[in-house]
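We begin with a single chain expressed as structure tokens, specifically the form predicted alone.
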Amino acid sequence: MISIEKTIDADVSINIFLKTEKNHVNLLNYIIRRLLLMILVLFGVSLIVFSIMMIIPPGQRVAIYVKSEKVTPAQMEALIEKYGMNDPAPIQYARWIGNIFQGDFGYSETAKGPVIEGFKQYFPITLELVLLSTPLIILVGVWLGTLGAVHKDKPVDHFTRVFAVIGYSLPTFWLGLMLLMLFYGLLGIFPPGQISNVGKDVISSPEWNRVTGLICLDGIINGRWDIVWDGFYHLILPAFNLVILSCALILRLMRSSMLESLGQDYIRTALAKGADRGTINRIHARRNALIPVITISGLMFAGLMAGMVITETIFNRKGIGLWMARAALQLDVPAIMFNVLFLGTIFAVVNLIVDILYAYVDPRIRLT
């Protein structure tokens, strides 16, 4: 009898091991397929953007390279010929793609240098704000949404719903200006910008080791905790602005999804068997309710990474959103094309990560 039980246990262990290995292989194959699909998506995005840019006359596209207002038509034609803007579209596209693979994205007038250098200058400013804001947005939205669903039609639920409606309806520029007037104008705290004047002198000095471009992280690397606090101090108000505006959508979605999960049969069965209400809400209901929230959170993160033009303008943060707006206004074609490709890459990568998180949160989902 003992040997039979050991044989059964061994068979069960082998089956579990084989099933786990199969799931890992399926997940790996899925990731590989999505990466290949992502390449096709980016190729399609590049074709669309390039086709739209080709509508612009060569004279306007070459104007970005003109440094003097006293340029004759003959000189303009020479510049157009120099940069091959009269070549057939396929040749121009192939030349552009070839330059990209060599790390040459062109010259950006708005960045006053190569596009990639402009990206290194503006992107860390946006990334630092996104890394601070996104976890707070998700945590606050999920917490308030769960709280409202668990206490449905009670004062707490009414408060969360009013907060969601107000937060979702407020214009970004109005809320940002109100926060600046209250905290900086009246109280004299949480100033706009990226860092104080004293901090600017420190990070621009030759002794400063600029590793990531993120002020707080570089401050930790350099052992300058005063710079860490200075950078974080300037992040508080724009992050607070984003949390109020962005968590409203997650809150409403989490509440409705949580209410749907709490109404399922397995929840009523667990309650009938005497399971703890807190355990049911925390482990069973909330975990299943997170599926749609993951999707929205991923798209929100990608959108924030693309830049927050209004928020960065109001709080005087020179991030990638402000750069993209300036590039569009000044017809900075290389910068526009780079930023669109960057945005497409961000959305493709985030969608892949979201799909993988689906399988982790809900094992019933099979990535096939």
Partner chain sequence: MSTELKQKTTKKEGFLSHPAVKEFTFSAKRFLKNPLSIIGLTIILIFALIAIFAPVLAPPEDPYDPFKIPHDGWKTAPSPPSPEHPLGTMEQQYDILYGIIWGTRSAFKIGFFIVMANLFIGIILGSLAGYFGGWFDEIIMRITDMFYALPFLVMAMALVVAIGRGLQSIIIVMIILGWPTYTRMIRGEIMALRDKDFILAAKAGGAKSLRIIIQHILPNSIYSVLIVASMNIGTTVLTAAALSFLGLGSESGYADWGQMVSMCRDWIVGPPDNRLAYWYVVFTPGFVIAMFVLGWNLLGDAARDVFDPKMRRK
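Positions refer to the first chain, counted from 1. Throughout, rigid core stands for the largest set of C-alpha atoms superposing within 1.5 Å between the two forms. Remember, it's a predicted structure, so these values are computed and weren't measured experimentally.
A second form of this protein, the form predicted together with its partner chain, is not displayed here; the remarks below concern that form.
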Full three-residue contact with its partner chain in the predicted bound form, heavy atom 4.5 Å, for 252, 325 and 329: yes
Contact of residue 56 with its partner chain in the predicted bound form (heavy atom, 4.5 Å): yes
Residue contact check: residue 113 to its partner chain in the predicted bound form, 4.5 Å heavy atom: no
Residue 87 within 4.5 Å of its partner chain in the predicted bound form, heavy atoms: no
Distance check, residue 260 to its partner chain in the predicted bound form, heavy atom within 4.5 Å: yes
Position in contact with its partner chain when the complex is considered in the predicted bound form, options 202, 180, 132, 296, heavy atoms within 4.5 Å: 180
Position in contact with its partner chain when the complex is considered in the predicted bound form, options 143, 159, 229, 168, heavy atoms within 4.5 Å: 168
Contacts with its partner chain in the predicted bound form - residues in 184 to 214 whose heavy atoms fall within 4.5 Å: 184, 185, 186
Large Cα move at residue 320 between the shown form and the other one, threshold 2 Å, rigid core: no
Threshold 2 Å Cα movement between the shown form and the other one for residue 199, core superposed: no
Post core alignment: residue 341 C-alpha displaced by 2 Å or more between the shown form and the other one: no
